[in-house]
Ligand SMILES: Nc1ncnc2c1ncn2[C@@H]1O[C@H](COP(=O)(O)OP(=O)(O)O)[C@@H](O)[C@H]1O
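One chain follows as structure tokens, the form predicted alone.
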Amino acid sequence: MLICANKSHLFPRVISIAISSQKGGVGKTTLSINLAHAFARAGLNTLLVDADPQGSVGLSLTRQSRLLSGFYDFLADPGIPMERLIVPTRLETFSLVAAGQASDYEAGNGSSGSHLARVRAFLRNASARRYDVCLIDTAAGLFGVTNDTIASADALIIPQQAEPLGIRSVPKLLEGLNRLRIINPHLNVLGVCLTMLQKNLAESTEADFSLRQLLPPEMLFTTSIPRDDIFIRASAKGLPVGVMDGGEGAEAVFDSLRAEIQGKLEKSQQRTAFNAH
């Protein structure tokens, strides 16, 4: 069902995927934007939500994002209609929701759990608009609104920079995953995606190899995201990398990652259906 992506509304309801990391600077927003674009190009109605108070997704794609109502405005006032939040793009199947003008206030108020009901209400509203995939770029750190978003999402992707520090943080990563599964027993941890991989740098490739030795195969995506100047140029122009001149190679990387995700989701649905019988 998930592989045949030549028409929209393939999922029985919106599949919400949180993209979260323990620390910033791991390429989370780059992954979110370009993965959403890959899903949309595959024919899936895709909503990209900027749940990072820094507003990195919005600032990367539209310079007017600070003037838009968005995700945190909904958390402050769930009566705001979704039509006021959703921003269409040039690609018919790709829309986004900015962080919003209330992001600075809402992000700093409330402990984990205080926004849970409103995050879930937001996702129900997205589902009612017949999106197939909702990707949520969260703030770094597994607390506050990020914690509530993961507790509400169907699935989770964890970007991890391919560097020696990534190896040292593995025990903390696994500990965090165990806590997340307690919060959301139905959470499908799709895996860790290595980012900023530099194949010409021994330390980076060694970190890649070591992480693949430390973590179970199902915990790491086969596809990794390279460090490439084209991502910076794309962000400067407010574009996904795939529409840039010379961006074909990077676009293919995200197509590969999308296919891996769809395969994992399909297997998960098959297991659920089997267990139900």
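These figures come from a predicted structure and were not determined experimentally. For the two forms, the rigid core is made up of the largest set of C-alpha atoms that agree within 1.5 Å on superposition. We number the residues from 1 along the sequence you see.
As for the form predicted together with the ligand, it is not shown, yet the points below apply to it.
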item	value
Contact assignment for the ligand in the model of the complex, among I225, L35, L48, L44, heavy atom within 4.5 Å	I225
Contact label in the model of the complex: G70 to the ligand, heavy atom within 4.5 Å	no
4.5 angstroms heavy atom contact with the ligand in the model of the complex for F231	yes
Contact test in the model of the complex: A40 vs the ligand, heavy atoms, 4.5 Å	no
The ligand contact in the model of the complex: M196, any heavy atom under 4.5 Å	yes
Residues of 141 to 172 having any heavy atom within 4.5 Å of the ligand in the model of the complex, listed in sequence order	none
Cα displacement of K237 between this form and the one not shown reaching 2 Å, rigid core superposed	yes
